[in-house]
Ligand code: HEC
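A lone chain, given as structure tokens: the form predicted on its own.
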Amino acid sequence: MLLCAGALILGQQAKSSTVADALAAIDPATGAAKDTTTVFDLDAIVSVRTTLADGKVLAFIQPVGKPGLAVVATGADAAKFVPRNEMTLKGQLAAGPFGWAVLNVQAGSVNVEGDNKPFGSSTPVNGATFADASALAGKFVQLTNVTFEGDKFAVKSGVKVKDANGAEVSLVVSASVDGRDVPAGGQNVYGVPVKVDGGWKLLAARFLPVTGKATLTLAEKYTCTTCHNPDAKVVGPAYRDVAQKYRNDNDAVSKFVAQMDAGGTGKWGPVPMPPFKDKVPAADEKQIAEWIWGYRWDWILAE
């Protein structure tokens, strides 16, 4: 007798296991679950999350440096699936929203153990990879140097990017991006390849400009990284967290520049930020500010 969809079968005990164990219970040829009765008890980090049309959350949990597992969650459990959260959870394999197997999360089983946790480096890929991305299923990848088609996101019409060779890739994104301006210029798109309606798409987790590495070098030159890291809190807040606070503020870049000029304390803690006015050229300040605001997509894509 089932308690509810995705719940434990009465009397069945959860099996302490790894994501690799759960993936081994999925047929690599068909993507279907070979075992729908075992309750897997897992510990992993969230790499990507999106909200589906029915309100359920589809996410990937990623062991460090290894292929991830798709999971589906609802309600209070779904809210905990924030990218870079480390969590423990339980669930059983079942057919997911796109046909291939996912882990249906057992209600009330999710516990967050930490945030801003790294889950390994991304694998660089180009548009041609998505003709058949089966070898990269479950892996976190970086689609390098692409441009968005159109000026605004139109989720129902489909979101597409093109690489430098003209190869087109479709993205899976949350409806939360609908109507927003697409990122301008060359972008690196991070996420996990997924098969939808017979074709490979990229479930997107992050958009960052291709100038990101050069901008990080600028930030290091002006000692910004002494107190800040893109993903983790150091002395000051992570840039990712700053971008979250201002993710819907179209004046964010000018506000960041003003903060760099003036310095100050109190917004993010007691440690003062020194003023950089007349120490950093205005063009460099703007480039750094735009890069910081780019991390807003981490949060928008996960809404």
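Not measured: the values here are computed from a predicted model. All residue numbers are counted from 1 along the displayed sequence.
One more form of this protein exists, namely the form predicted together with the named molecule; it is left out here, but the text below deals with it.
- Exactly one listed residue, out of 65, 55, 28, 269, brings a non-hydrogen atom to within 4.5 Å of the named molecule in the model of the complex: 269.
- The partner is absent here, but in the model of the complex a heavy atom of 242, alone among 45, 242, 39, 42, sits within 4.5 Å of the named molecule.
- Interface membership of residue 157, defined by any non-hydrogen atom within 4.5 Å of the named molecule in the model of the complex, is ruled out.
- Shown alone here, residue 84 lies farther than 4.5 Å from the named molecule in the model of the complex, counting heavy atoms only.
- Taking the partner from the other structure, the named molecule in the model of the complex has a heavy atom within 4.5 Å of a heavy atom of residue 223.
- The named molecule is not drawn, but in the model of the complex it has a heavy atom within 4.5 Å of residue 273.
- Contact with the named molecule in the model of the complex, defined as a heavy atom within 4.5 Å, is made by all three of 236, 246 and 260.
- Segments offered: 99-107, 171-179, 69-77, 228-236. Contacting the named molecule in the model of the complex at heavy atom distances within 4.5 Å is 228-236.
- Residues 276, 280, 288 are the members of 275-291 with a non-hydrogen atom no more than 4.5 angstroms from the named molecule in the model of the complex.
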